[in-house]
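Quick setup: one chain, the form predicted on its own, written in structure tokens, and binding and motion questions come after.
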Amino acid sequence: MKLGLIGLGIMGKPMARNLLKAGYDLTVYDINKGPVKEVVEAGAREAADVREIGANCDIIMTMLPDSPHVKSVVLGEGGLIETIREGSVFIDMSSINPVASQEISAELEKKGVKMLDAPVSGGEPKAIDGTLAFMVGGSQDVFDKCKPILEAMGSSVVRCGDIGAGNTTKLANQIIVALNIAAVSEAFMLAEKAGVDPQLVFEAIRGGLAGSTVMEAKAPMIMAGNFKPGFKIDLHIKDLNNALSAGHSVGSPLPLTAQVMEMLQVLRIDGCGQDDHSAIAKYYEKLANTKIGRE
């Protein structure tokens, strides 16, 4: 079985490495040749363009920033649609609008190609150690066929429903993550302003009901002022924009999501778009003119 992967960014590159470690025959493509060179040195082959991957691979995966990028790679001029073979499977691991996933799937069906939308959660650290969580939409038989491939990159692989269900689940995930980071930031700022060490607050509450995977990952970053991106604010803005659009489409009000979205917009204006989303804390630091956990 020949695999193809298009997109070797913060997430795609370590995911490619884990596919190679699992012994898969992998061909890769990215417009940025730096990560391509690294992955080729690890054992992959480089494709000249996406059409070459479409023509030669049985399972084709993408890990790209947003809906327009995936649509362009699959359906645009010079895209996969021109060469992809009947009977192959397309897996989009990007986080995009579920409506876009359904549109892409419908076009691929005309070529006899099945699709899964399989966005991930876990950020760069879990992409590196192969413990990502996959939220998958698509038919049961295609899911069953492709599950071992996804398990080479993740510790949790769950089918959530038909096409679009994976990205709907990811939007729910991104709402919870963003609101959780905001809540942690707000609470730690309260502690800071009240003269209580946020680190001790963290130690006291982490084992109780307020504890969460998000707090475990982001609280140390916030208190250290370490906003090196594992998942960028600009990308979280993209996800919440898709969530708000989906919410409007189906009649689901998202007032808290809208509030955090405006916080993220302020941070982008302040030049923090490339920071980790834990930099939501900077919004509170700006409001209170106080750093959390540090001078």
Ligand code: NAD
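Note that the coordinates shown come from a computational prediction; the quantities given were computed from them, not determined experimentally. A residue's number is simply how far along the shown sequence it sits, counting from 1.
Missing here is the form predicted together with nicotinamide-adenine-dinucleotide (NAD); even so, the following discussion is about that form.
Asker: Would you kindly say which of M63, V260, A243, C57 lies with a heavy atom within 4.5 Å of nicotinamide-adenine-dinucleotide (NAD) in the predicted complex?
Answerer: Selected residue: M63.
Asker: Among I269, A48, V250, I31, which has any heavy atom within 4.5 Å of nicotinamide-adenine-dinucleotide (NAD) in the predicted complex?
Answerer: Of the candidates I269, A48, V250, I31, I31 is the one lying within 4.5 Å of nicotinamide-adenine-dinucleotide (NAD) in the predicted complex.
Asker: Contact with nicotinamide-adenine-dinucleotide (NAD) in the predicted complex for M11, defined as at least one heavy atom pair within 4.5 Å: yes or no?
Answerer: So M11 counts as contacting nicotinamide-adenine-dinucleotide (NAD).
Asker: Spell out, yes or no, whether the shortest heavy atom distance between G123 and nicotinamide-adenine-dinucleotide (NAD) in the predicted complex is within 4.5 Å.
Answerer: It does: once nicotinamide-adenine-dinucleotide (NAD) is placed as it appears in the predicted complex, G123 has a heavy atom within 4.5 Å of it.
Asker: With a 4.5 Å heavy atom cut-off, would you call S101 a contact of nicotinamide-adenine-dinucleotide (NAD) in the predicted complex?
Answerer: It does not: once nicotinamide-adenine-dinucleotide (NAD) is placed as it appears in the predicted complex, S101 has no heavy atom within 4.5 Å of it.
Asker: Report whether the minimum heavy atom distance between L235 and nicotinamide-adenine-dinucleotide (NAD) in the predicted complex is within 4.5 Å.
Answerer: Yes, L235 lies within 4.5 Å of nicotinamide-adenine-dinucleotide (NAD) in the predicted complex.
Asker: Just one of 81-89, 115-123, 136-144, 187-195 has heavy atoms within 4.5 Å of nicotinamide-adenine-dinucleotide (NAD) in the predicted complex; which?
Answerer: Going by heavy atoms within 4.5 Å, the stretch is 115-123.
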